[in-house]
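Next up is one chain by itself, shown in structure tokens, the form predicted on its own.
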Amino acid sequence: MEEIRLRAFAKINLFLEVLNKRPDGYHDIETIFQSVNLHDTLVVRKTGRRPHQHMIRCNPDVVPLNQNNLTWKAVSLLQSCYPQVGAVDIEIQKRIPVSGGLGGGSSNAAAVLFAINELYDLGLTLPQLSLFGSKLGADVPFFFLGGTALGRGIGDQLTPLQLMHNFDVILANPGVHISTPTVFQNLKLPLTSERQDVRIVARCVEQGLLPELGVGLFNRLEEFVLVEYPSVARLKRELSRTVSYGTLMSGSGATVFSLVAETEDIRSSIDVLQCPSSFRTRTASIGLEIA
């Protein structure tokens, strides 16, 4: 095999509570990840160049095309353990908004780890690939699982959840770039008695209680982002006016999503949002797939 084409899906966070700051600088969290059908497409090819002469092609100018790209780091990580891995070309067709809280960079990194494993017959299992992924980013391991999952620790300790019913999702991104480290640095951690309970949302997910799930949507990071980024707050207000089950910011932003019923005609609602990126998508059961 000389090349492989993959779809790398986005995620939203149906719940995100921050528990405490760890000695290593990360934060312990409780979150519920949910894959959605919005995806990037990646093509990874072997080349005859020297081992570290990778080439990345991507459409948006905001994506680094050098060793600062997470996909480049994914290849280098495997090369550090498997010297037979050579240089690759990585073509990324982006649809997931960059720095949008949808895990696009992490899903791309997971896709490249998967691709290198296939192209070079490394024989790594998905749990082993997840361990490599955790060295690149806290939510990279989720994309090897996909679907719906409860995340603990820094988000890498995953427990699969059974989503009773799929549902439609509106995604809207105002086009601002938000630094995740900055958001966490400015966050006021809740007292234990003030923390939201992830088990309530997990139960709604597994029992198919969509209205109750909409009410239970929660993201602690909104406390900082909605104040500091008015465009995100405006999008959330406008989406909340649509006929939907609930609206929330995903991850550290800037994407906001709404859960909607399949029968709702929300095209006009999307049209009036006046934001650079808006999509109607649907929950998905996978994080990666061969295209």
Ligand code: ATP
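When you see a residue number, it is the position in the sequence shown, counting from 1. Values in this document were obtained by computation on a predicted structure and should not be read as measured data.
This next part talks about the form predicted in complex with ligand ATP, which is not shown.
**Q** So if I measure heavy atom distances to ligand ATP in the predicted bound form, which of the stretches 162 to 170, 90 to 98, 148 to 156, 192 to 200 falls within 4.5 Å?
**A** Among the candidates, contact is made by 90 to 98.
**Q** Is the gap between Pro141 and ligand ATP in the predicted bound form 4.5 Å or less for some heavy atom pair?
**A** It does not: once ligand ATP is placed as it appears in the predicted bound form, Pro141 has no heavy atom within 4.5 Å of it.
**Q** Would you classify Asn117 as touching ligand ATP in the predicted bound form, given a 4.5 Å non-hydrogen atom cut-off?
**A** Judged by the heavy-atom cut-off of 4.5 Å, Asn117 is well away from ligand ATP in the predicted bound form.
**Q** Is Asn219 close enough to ligand ATP in the predicted bound form to count, meaning some heavy atom within 4.5 Å?
**A** Outside the cut-off, so no.
**Q** Does the 4.5 Å heavy atom contact test between His177 and ligand ATP in the predicted bound form come out positive?
**A** Looking in the predicted bound form, residue contacts with ligand ATP include His177, since a heavy atom lies within 4.5 Å.
**Q** Can you list, in sequence order, the residues from 101 to 116 that come within 4.5 Å of ligand ATP in the predicted bound form, counting heavy atoms only?
**A** Those in contact are Gly101, Leu102, Gly103, Gly104, Gly105, Ser106, Asn108.
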